[in-house]
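Same chain, two versions here, written out as structure tokens and called structure 1 and structure 2.
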Structure 1
Amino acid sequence: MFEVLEKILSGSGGDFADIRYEVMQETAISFSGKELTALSANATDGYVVRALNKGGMASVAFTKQAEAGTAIKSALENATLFAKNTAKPIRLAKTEAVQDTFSPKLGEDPRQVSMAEKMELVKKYNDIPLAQAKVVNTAIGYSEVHRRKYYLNSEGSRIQEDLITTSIRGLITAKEGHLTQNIRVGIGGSDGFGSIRGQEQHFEKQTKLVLDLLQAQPVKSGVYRCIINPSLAGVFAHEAFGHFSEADIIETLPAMRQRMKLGNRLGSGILNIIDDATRPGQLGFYKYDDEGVPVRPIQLIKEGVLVGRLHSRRTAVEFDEPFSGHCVAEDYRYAPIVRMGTTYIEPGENSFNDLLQITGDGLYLLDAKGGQTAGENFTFGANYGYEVKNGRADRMVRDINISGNLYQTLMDIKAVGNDLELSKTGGCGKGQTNIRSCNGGPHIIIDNLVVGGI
């Protein structure tokens, strides 16, 4: 394949060019209630070229090899147009040329498992909630995505890397009278099919929870001291802070960039956040980003102080900071952008019981249900929660959405638990979807969280 890519790129001219070709195999199996609604296995492929010329840069994605000539020409023309319209030429951080072929170690290769067996497994999990009379619907699906990426650039890098992501995820909906409640289910990872076998307990637990939610009270809206569980702490690290450690987000927001200078205090002294996609066996694992740069662990917050940032080669120069290997694309339809890999709050010292005592009166909120950031404001939902009274978890509450402010909320982290869990399924949408976006943390306490009920 590299010969073909080399040939496509050879006519590019310009100061720098790279090309990524991907073959993507996708398997999908979905159930809606008892009914199988999808089952397919397909392969698609495509290319992305980027050209840098005289300080201007442009990208072209295309799917037909016959269009390669047009694509390269168009990338170069647009790069030149860019150069004419910018006062500040783009430069790329100097990195080593890499030649490597990498395929991750898998605990059972999903491609070796038959479609029939995959379907049986999904059906088995799906039948767990459906056995309950009050469960009115499920939407549960298996997804397997295998991307083989070929990356080549004009500086001599040639990298082939496989990314294999499997998951079973969805929603269980239960109803009693006029009240409908739902809860998310999700298992998976990037280390093979083994991670989704033997997960009956997860579906049993979620089924019980959604039935319990039918008996729960809506949360009373207000401002609370909250314990949030690792799933929510992860989304919090991702939404409330993580996006602003992506250099391309704050690069062109001068006021935020000023507030996000390395060395600035952003959080309380007990807060440590790291991005470490190199941890093996977890969802966010990869070796090279889509600029051919090896990903490295980046300490983002150390004892409340901002100490690092995630970069592409372009933003590393712009910020005069070390490149980090975080320039990643969803697939062959997109040019890469700066993305978090595996962002998590590092564990602290408190046991869960300590956290309950410290909270006194407040809420204990569990399991993320979507989150979103726009600038300093973020919001995310919790699947369920409990009132905390006198240091004890009390009655269950439902319909929980939290909103907060980046600068304020990180300061309001009052205690950090001594456990750690990382997410098993991803799906961050920053223009493109990243199904391997991984986050996590321990149980933590946050003060002054705005909780909106209904």
Structure 2
Amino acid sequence: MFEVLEKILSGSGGDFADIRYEVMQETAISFSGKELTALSANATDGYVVRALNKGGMASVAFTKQAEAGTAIKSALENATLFAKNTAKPIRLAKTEAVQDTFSPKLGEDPRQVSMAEKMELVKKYNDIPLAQAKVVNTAIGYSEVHRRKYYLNSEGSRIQEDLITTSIRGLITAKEGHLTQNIRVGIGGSDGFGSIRGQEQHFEKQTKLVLDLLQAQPVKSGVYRCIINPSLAGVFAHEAFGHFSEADIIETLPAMRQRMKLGNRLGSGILNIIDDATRPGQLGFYKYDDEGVPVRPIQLIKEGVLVGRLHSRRTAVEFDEPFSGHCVAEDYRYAPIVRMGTTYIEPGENSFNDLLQITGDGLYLLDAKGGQTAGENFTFGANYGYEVKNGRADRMVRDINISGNLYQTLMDIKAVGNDLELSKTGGCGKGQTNIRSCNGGPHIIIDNLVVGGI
């Protein structure tokens, strides 16, 4: 394949060019209640070429090799046109050429498991909640994505990398009288099919939770000291903070760039946040980004102080900071953009029981349930929670929303647990979809958290 890509780029001209070719295989199985609603497997492929010339850069996606000449010509013409109409020429940070072939270690390759066996596994998990009379519906599906990427650039890089992701995720809905409640289920990862075997306990636990929610009381609105669990802590780290660590998000926002200046104190002294996509077996794991740059761990916050940022080769020059290997595309239809890999709050020293004792009276909130951010402010839902009284978890509560200001909330983090967990079914919708984006954290305590309820 590389011979083909070299031939395509050979007549590109300009100052720089790269090309990415991908073959993507997808398998999907889904149930709605007892009904099998999808059973499919397909393969697609395509190319993205980028050209840099005289300070302008452009990309073109195409699906047929015969279109390569036209695509290269269009990318170069568009880059030249862009250069004539911009006051700030685009430059790329210098990198060393890389030649490598990489495939992750898999406990069990999902491509070697039959469709019939995959369907039976999904059906078995789906049947667990449906065995309960108060469960009125399920929407549970299997997803498998295998991307084989070939990357080549005019500087001599030549990289082949496989990315393989499997997951089973969905929603369980229960009803009693006029009250309806639902809860999410999710298992998976990028370390093979074995990560989704033997997960009956997860579906049993989530089924019990959704039934318990039918008996729970709505939370009383107020301002609380709260323990939030690793799922909610991870979503907070990703959504409320993480996107401001992506250099392309803030580069055209002067006020935000000033606020997010390296060396600024953003949070309490016990807070440490890192993006480490080099952790093998995790959902967000990869070796090279879609510019052919090796990804490396980036400490974002150290003891409350902003110390790092996520970059592409272009934004690294813009900010005069080191590139990081975080320029990632959804697939062959897109040019890459700056994306998080595996972003999480690092664990501290407190046990969960310590956190309960420190909280005293407050709330224990679990599992993210949607949400949104607007500048510095955020609003997230929590799937369920418990009142905390005298250092003990008490009755269950539901219908929970939390909101606040990012920077004040970072300062209000009062204790950090020692029980790091990373998400099994991540994802991010920034501009493009990235199913491999991963987040997590330990249990943490946040003071003065605004909780909406009744």
Partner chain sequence: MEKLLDMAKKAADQAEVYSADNISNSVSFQDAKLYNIETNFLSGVSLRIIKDGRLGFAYTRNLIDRQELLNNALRSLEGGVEAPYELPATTGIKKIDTYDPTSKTITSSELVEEAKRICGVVESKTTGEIMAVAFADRDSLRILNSKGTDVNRQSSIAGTYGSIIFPGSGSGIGRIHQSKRFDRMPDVLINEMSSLFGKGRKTVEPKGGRMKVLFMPDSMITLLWRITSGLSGRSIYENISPIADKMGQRIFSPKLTITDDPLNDNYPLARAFDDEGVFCKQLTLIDQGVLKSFYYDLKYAKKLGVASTGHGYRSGPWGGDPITTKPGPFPAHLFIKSGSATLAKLISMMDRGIIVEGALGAHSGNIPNGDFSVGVSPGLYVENGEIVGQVKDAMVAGNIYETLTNVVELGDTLYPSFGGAWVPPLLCDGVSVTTKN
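If you're wondering where the values come from, they're calculated on a predicted model, not measured in any experiment. We call the rigid core the largest set of C-alpha positions that still match within 1.5 Å between the two forms. Please note that residue numbering is based on structure 1, beginning with 1 at the start of its sequence.
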> Two forms of the same chain appear here; which of them is the form predicted in complex with its partner chain?
Replying inline: 1
> Does the distance between the two CA positions of K64 reach 2 Å or more between structure 1 and structure 2, the core being superposed?
Replying inline: yes
